[in-house]
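Presented as structure tokens, the chain that follows is alone, the form predicted on its own.
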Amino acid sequence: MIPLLDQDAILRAKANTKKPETMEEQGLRVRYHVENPLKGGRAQRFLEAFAAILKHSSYGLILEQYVRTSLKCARCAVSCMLYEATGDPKDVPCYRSAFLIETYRRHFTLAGSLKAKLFGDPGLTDETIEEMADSFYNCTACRKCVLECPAGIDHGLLTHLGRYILSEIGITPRALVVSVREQVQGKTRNTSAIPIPAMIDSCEFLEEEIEEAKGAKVKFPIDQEGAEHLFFAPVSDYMMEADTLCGIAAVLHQIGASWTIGTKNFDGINYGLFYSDIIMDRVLNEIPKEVKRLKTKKVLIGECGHASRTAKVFLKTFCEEGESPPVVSIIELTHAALKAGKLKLDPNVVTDRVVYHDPCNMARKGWIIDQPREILRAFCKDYVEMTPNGRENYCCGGGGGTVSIDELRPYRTSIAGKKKAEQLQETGAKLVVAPCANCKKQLREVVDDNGLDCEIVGLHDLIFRAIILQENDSPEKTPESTIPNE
């Protein structure tokens, strides 16, 4: 176990920087900013929202199983980076999950109700709601603890459900709400509020950059009907991750892929995964609408952990347009192309030590683990690994949408990111590959705040450096038969 932070460091990391008058006005002492939270009577409203969610979802089936299970073995503590950093029992995953399980037991089971009457238990209080609101956003929902739980309790799922209920009573970080509002109601329909002309201008600029760097005319197709793949990147990539997009476009050009970007919907981000099934549903159902409009066959997700998992796992559940379109990660597509001999990567370009960071949303269930490593080993001379890695990787510290909440940065980089900073330092790597927009942002802040000497890049950033491009005027079918369906 890594050395614990001293208490002064923990207090600084968890310090509430909001103005006292703001907390007094809202009656809510959490570190993140909240828009117009409900004042008073929160416990009753929480129970009402909880009851409605149970009625219209299948969460009750899961809770009925969990309520029969002990939440006191604490084996999950050995895998939680938060507890490893603080040693605080409140950071043990099963302590956090008990908020929801005990509330369900007390208010939604006959035995709990009878016991409460017998012993005079008043039930859920507004003070407990406030503790939940803080605790559920300490967790990054990385779900590493699930691998250790002997009872199979998914603490990450319970964190999500707790946030979902809180969102129904107006307790959600403003950073998430503002981005989602623009995505579902705004003019631009994306989380970064990037207008369509700005996205197109960015793509044209990147085309020029690729031609200058690689001597090949690579296109970013826009609104091309009948393409095989409809491409969704985290929209922030169009302004902040140029090399990632250049690498993706270069790969798709080289393998002759049929793809396009849709102007009606080009943002792969779905913050609903972090706090609300209702929002996740609304955002997801815009994807098949764009697929139908452009008559494409498949959904291709760029370098983004949560966007990949949301589309891959939940689109088929929430899809209202009949059968959901197949979802492919760009990492799967690139790996299949490399194995089929369609990519040439210069092994003499990347000479620095390289390490790969597993985004939790891709690796925790074993979906994307070996593919990026095989790609990197194909052209990186000095490739090393962090320990543990793959399914048992440590979160970057900004998972579960917390990376978007700037007021949590001291906590994210000194407590949640402590283990990752230690891992990076131990490898001695100069290039840290993180194929996820959120992981990149968090890791760059971890590197800066912990004084580490390394650069955070995307997988396709390095591919772009090493790829040998040839003009490809006759597109060939991509070898997708080698891409797993699940």
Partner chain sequence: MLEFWLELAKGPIFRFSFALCVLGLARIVMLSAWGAAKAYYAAGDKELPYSLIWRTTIHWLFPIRMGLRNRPFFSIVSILFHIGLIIVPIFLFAHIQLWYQGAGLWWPAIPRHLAEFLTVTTILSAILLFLARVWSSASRHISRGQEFMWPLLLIIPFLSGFFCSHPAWSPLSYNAMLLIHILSGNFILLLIPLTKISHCILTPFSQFISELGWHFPKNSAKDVEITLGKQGQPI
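Numbering follows the first chain given and starts at 1. None of these values were measured; they are calculated from a predicted model.
This next part talks about the form predicted in complex with the partner chain, which is not shown.
The candidate spot formed by Gln65, Cys73 and Ile278 lies fully in contact with the partner chain in the predicted bound form, as each residue has a heavy atom within 4.5 Å of it. When you look in the predicted bound form, the only residue of Val291, Ile331, Val251, Ala77 with a non-hydrogen atom within 4.5 Å of the partner chain is Ala77.
Put simply, of Ala340, Ala198, Val184, Val349 only one has a heavy atom within 4.5 Å of the partner chain in the predicted bound form, and it is Val184. Looking at Cys319, you'd find a heavy atom of it within 4.5 angstroms of the partner chain in the predicted bound form.
Not displayed here, the partner chain is approached by Leu147 to within 4.5 Å at the level of heavy atoms in the predicted bound form. Interface membership of Val92, defined by any non-hydrogen atom within 4.5 Å of the partner chain in the predicted bound form, is confirmed. A residue is said to contact a partner when one of its heavy atoms sits within 4.5 Å of a partner heavy atom; Asp154 meets this definition for the partner chain in the predicted bound form. Partner contacts here mean any heavy atom within 4.5 Å of the partner chain in the predicted bound form, and among 426 to 434, 444 to 452, 44 to 52, 26 to 34 they occur only in 44 to 52. Within 4.5 angstroms of the partner chain in the predicted bound form, the stretch 158 to 195 places a non-hydrogen atom from each of His160, Tyr164, Glu168, Val177, Val180, Arg181, Val184, Gln185, taken in sequence order. Annotation for the pair Gln185/Glu323: C-alpha atoms approach each other in the predicted bound form, by 3 Å or more compared with this form.
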